[in-house]
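A single chain comes next, written as structure tokens; it is the form predicted on its own.
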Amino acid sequence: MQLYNQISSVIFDALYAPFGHDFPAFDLLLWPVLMGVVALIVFKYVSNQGAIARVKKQIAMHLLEIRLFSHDIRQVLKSTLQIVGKNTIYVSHNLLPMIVMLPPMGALMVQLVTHYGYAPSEVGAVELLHLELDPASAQLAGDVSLKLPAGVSLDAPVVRTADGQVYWRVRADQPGDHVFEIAVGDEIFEKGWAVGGEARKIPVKRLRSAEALLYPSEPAIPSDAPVVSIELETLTRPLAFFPDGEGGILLWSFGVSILAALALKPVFGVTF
């Protein structure tokens, strides 16, 4: 998980934002279209194109049978069952290319969200820093301490709960890419906070679970650590003509890639 995030970050940090993060339109248009092109290439060379074309014709034939013999209930039921069977075959032919495409395209969309989905907090903002301990280590909550970076102050006393939740209300006094140091027993965990300045890749969460694949801006928490997650409230970056936020960017990227694939399908001679 951590290696996957590191590799994807090295690749896409070098490729994204060639004109700076103030110009998201370039990446939000180029990369979804390239996703569609890559999907066509994968389908062409990984899937059984001949088999897909045949099964589509067979499905169309059975649909025609339903129209022609609509008065014959037995024939309609038979054709319907055959369509279900052929659809199962059709889906099976599409599984392998989808599996091949998932890792790189997932990384591409997640990195788009990481680069353009969030905005730095404003100077003077007060946010909630939340640490969650593993239930087996909840008793360590009393031993958790926070070292504040320069330019950040504590706005309220720390709150600890019996089930291992620890909360700090922190204030951004100065701009910068601040790093908190949280001590849990003998272990130190860091968490970044982007405050002020230009648009850039923003740290959001550090997680121990597989969900860490969705937040590659910071290292995942080691699987044997007593900490489950460290989160800091973040702002959604408004993107003007594009859908913003995590869901907006993911839906936009997926939708544009599909439209690009459909539009360019004849050019690549792909059937799906």
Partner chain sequence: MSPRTAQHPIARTILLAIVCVVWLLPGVSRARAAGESGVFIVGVDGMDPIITQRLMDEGKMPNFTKLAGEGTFQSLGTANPPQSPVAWSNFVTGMNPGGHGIFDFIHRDPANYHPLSSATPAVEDPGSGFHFFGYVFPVGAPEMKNNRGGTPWWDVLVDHDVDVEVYRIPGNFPNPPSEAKVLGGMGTVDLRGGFGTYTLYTDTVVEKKNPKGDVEYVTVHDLDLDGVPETVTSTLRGPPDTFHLEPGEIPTANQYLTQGVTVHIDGDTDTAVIEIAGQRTLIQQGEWSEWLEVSFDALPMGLMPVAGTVRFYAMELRPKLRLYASPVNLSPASPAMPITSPDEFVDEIYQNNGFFYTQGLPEETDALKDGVFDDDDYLKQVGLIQQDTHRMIDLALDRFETGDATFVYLSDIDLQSHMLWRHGDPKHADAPRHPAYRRDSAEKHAHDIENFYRDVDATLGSVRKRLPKDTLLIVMSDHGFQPFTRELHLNAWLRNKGYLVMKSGKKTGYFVTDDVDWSKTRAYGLGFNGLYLNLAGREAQGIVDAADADELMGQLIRSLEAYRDPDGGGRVVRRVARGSEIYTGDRAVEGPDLVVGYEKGYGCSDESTLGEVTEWVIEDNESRWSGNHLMDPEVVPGILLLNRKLASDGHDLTDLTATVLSYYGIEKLPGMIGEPVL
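The shown structure was predicted, so the numbers you read here are calculated from the model rather than taken from an experiment. Positions refer to the first chain, counted from 1.
Omitted here: the form predicted in complex with the partner chain. The next part is about that form.
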Please determine whether each residue of Ala136, Asp143 and Leu146 possesses a non-hydrogen atom within 4.5 angstroms of the partner chain in the predicted complex.
no
Exercise: Thr161 in contact with the partner chain in the predicted complex, heavy atom 4.5 Å:
yes
Using 4.5 Å between non-hydrogen atoms, is His130 touching the partner chain in the predicted complex?
yes
Taking any heavy atom pair closer than or equal to 4.5 Å as contact, tell me whether Asp72 reaches the partner chain in the predicted complex.
no
Using heavy atoms and a 4.5 Å limit, would one call Glu122 a contact residue for the partner chain in the predicted complex?
no
Here the chain is shown alone; which of Val76, Val179, Leu102, Ala156 has a heavy atom within 4.5 Å of the partner chain in the predicted complex?
Ala156
Pick from 122 to 130, 105 to 113, 191 to 199, 77 to 85: which stretch has a heavy atom within 4.5 Å of the partner chain in the predicted complex?
122 to 130
Stretch 2 to 34: residues contacting the partner chain in the predicted complex, 4.5 Å heavy atom cut-off
none
